[in-house]
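A single chain, nothing else alongside it, follows as C-alpha cells in the form predicted on its own.
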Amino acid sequence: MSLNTKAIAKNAYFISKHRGRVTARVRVPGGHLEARHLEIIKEIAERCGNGTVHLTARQAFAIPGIPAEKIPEVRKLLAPYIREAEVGMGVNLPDPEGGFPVPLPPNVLACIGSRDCVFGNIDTAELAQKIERTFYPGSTLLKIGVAGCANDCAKVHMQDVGIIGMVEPLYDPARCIGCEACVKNCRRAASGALRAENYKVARDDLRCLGCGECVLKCPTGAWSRGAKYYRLVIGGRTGRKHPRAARTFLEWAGEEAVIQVIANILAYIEKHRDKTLPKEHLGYIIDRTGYGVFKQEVLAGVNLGPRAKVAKYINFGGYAYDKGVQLT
C-alpha cells in the first residue's frame, strides 16, 4: 500500500518501521487528563493498534501498530478526547473529528506540582496549559517544561525553555525560636541563603532560590509562603551535536511576564531559525545570533515587574562529542 507520508505526519502520525502501519501520538496537555480518557486510548490500542501503548518521554501516548487504512477509524475514536482535552482547554480546533490538525509540537512537560506535592509552589498543569494556548495548534518544535519547585522533577534544565515555580518566603521573627532548622537545611539542601544573626534568621535575597524549603522545615511556622514567582531557564538540549543544561535567564518574574516572554521566543525562533532544517533547538539559534539579540527581542514589550532579574550574560557550557578522544 502506498502511503502519503507527509499527509499522515501532518495529522500527528508516525510512519512505523513495519510496512503499512503507523503510530498515533496523542497529546496530554499539561501531563494531566481525566481517568475516563484512558478508556479511549485503550479502545484505540485494542481495536486499531497492536494492543500496546507507549508513554513517551514528553507525557504523550504513542499507540503503535495501526494499519494505515484504519486512520479514519482512529480519528473518529479520538474526536471525543480532542473535544474535551483540547477544545475544552481553550484551544481553537474547528474540526475535532478531523484529528490533530498539525504535526504535534511536544507537550509542555509538567510535574504534578502543588496539586499534590508538598514541595510544589505552583499549579504546574494549569501553567503548562496556559503556555500551550500561546502556540498550539502551531507546529513550532519548542520543548518546554514546568517544574513546581527547584527540585526540578520535570527535568526542565534539559528543555529549550524551562519554568521553575518560586515562592517568596515570609519570615515572622516573633514566632522564631532560634533553632536554626531552616538555616541548616538551606545549607545542606538548597543554596545557603539563610544565616543566624542574634538568635534570629536573615535571608540573602541574591542567593535565595525561592524553593520554600524553609517554610517546610520550620517547626513553629515562623516561615510562610508569600507571593508566587517563576524562574525561566533557556538553552537546554540533548541530541548528537552538543548536549548541555539550560541556564537561568529570568527569575522572580510574574506569570504574565513569563507567558509573554515565551510568546516572544516563538517569534524569535521563527525569525532566526535555520529553515533548511526540519527543527532546531533554541540554544543553537541563540549561539548563532548571540545572547544580546535574543535578550533584546524576547524582552520587547514585556512588563517584567519590580522584582524580576535578568541574566546579563550566560555561559552555557556543555560539551561537544569529539571522535578524536580515545575512550578506554
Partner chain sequence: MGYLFSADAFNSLLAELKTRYKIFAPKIYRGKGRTAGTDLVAYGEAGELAEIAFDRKTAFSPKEIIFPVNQTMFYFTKEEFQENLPPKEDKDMIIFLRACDINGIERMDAILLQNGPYRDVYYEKLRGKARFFLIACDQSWESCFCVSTGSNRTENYSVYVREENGQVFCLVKDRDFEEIFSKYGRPADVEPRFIEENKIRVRLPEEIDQRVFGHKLWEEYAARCSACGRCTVCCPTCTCFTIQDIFYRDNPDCGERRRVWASCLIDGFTDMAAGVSFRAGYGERLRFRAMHKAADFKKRFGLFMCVGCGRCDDACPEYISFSKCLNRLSEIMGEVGQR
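On a predicted model such as this, the values are computed, not experimentally measured, just so you know. Numbering follows the first chain given and starts at 1.
There is another form of the same protein, the form predicted together with the partner chain; it is not shown, and what comes next is about it.
Engineer: Considering the partner chain in the predicted complex, which of Val215, Ala190, Leu142, Met158 comes within 4.5 Å of it through any heavy atom?
Structural biologist: Flagged contact: Val215.
Engineer: Just give me the single entry in Gly221, Gly90, Pro80, Gly138 that has a non-hydrogen atom within 4.5 angstroms of the partner chain in the predicted complex.
Structural biologist: Only one listed residue qualifies here, and that residue is Gly221.
Engineer: Picking from 252-260, 124-132, 223-231, 97-105, which part of the chain touches the partner chain in the predicted complex when contact means heavy atoms within 4.5 Å?
Structural biologist: Going by heavy atoms within 4.5 Å, the stretch is 223-231.
Engineer: May I ask you to state whether Ile177 is within 4.5 Å of the partner chain in the predicted complex, using heavy atom distances?
Structural biologist: Judged by the heavy-atom cut-off of 4.5 Å, Ile177 is in contact with the partner chain in the predicted complex.
Engineer: Flag Pro243 as yes or no: does it have a non-hydrogen atom within 4.5 angstroms of any non-hydrogen atom of the partner chain in the predicted complex?
Structural biologist: Although the partner chain is absent here, Pro243 would stay clear of it in the predicted complex, with no heavy atoms inside 4.5 Å.
Engineer: Answer yes if any heavy atom of Lys76 is within 4.5 Å of a heavy atom of the partner chain in the predicted complex; otherwise answer no.
Structural biologist: Lys76: no, not in contact with the partner chain in the predicted complex.
Engineer: Check Val118 for me: does it contact the partner chain in the predicted complex (non-hydrogen atoms, 4.5 angstroms)?
Structural biologist: Yes, Val118 lies within 4.5 Å of the partner chain in the predicted complex.
Engineer: Could you pull out the residues of 180-200 that have any heavy atom within 4.5 Å of the partner chain in the predicted complex?
Structural biologist: Read in sequence order, the residues that approach the partner chain (within 4.5 Å, in the predicted complex) are Lys184, Glu197, Asn198, Tyr199, Lys200.
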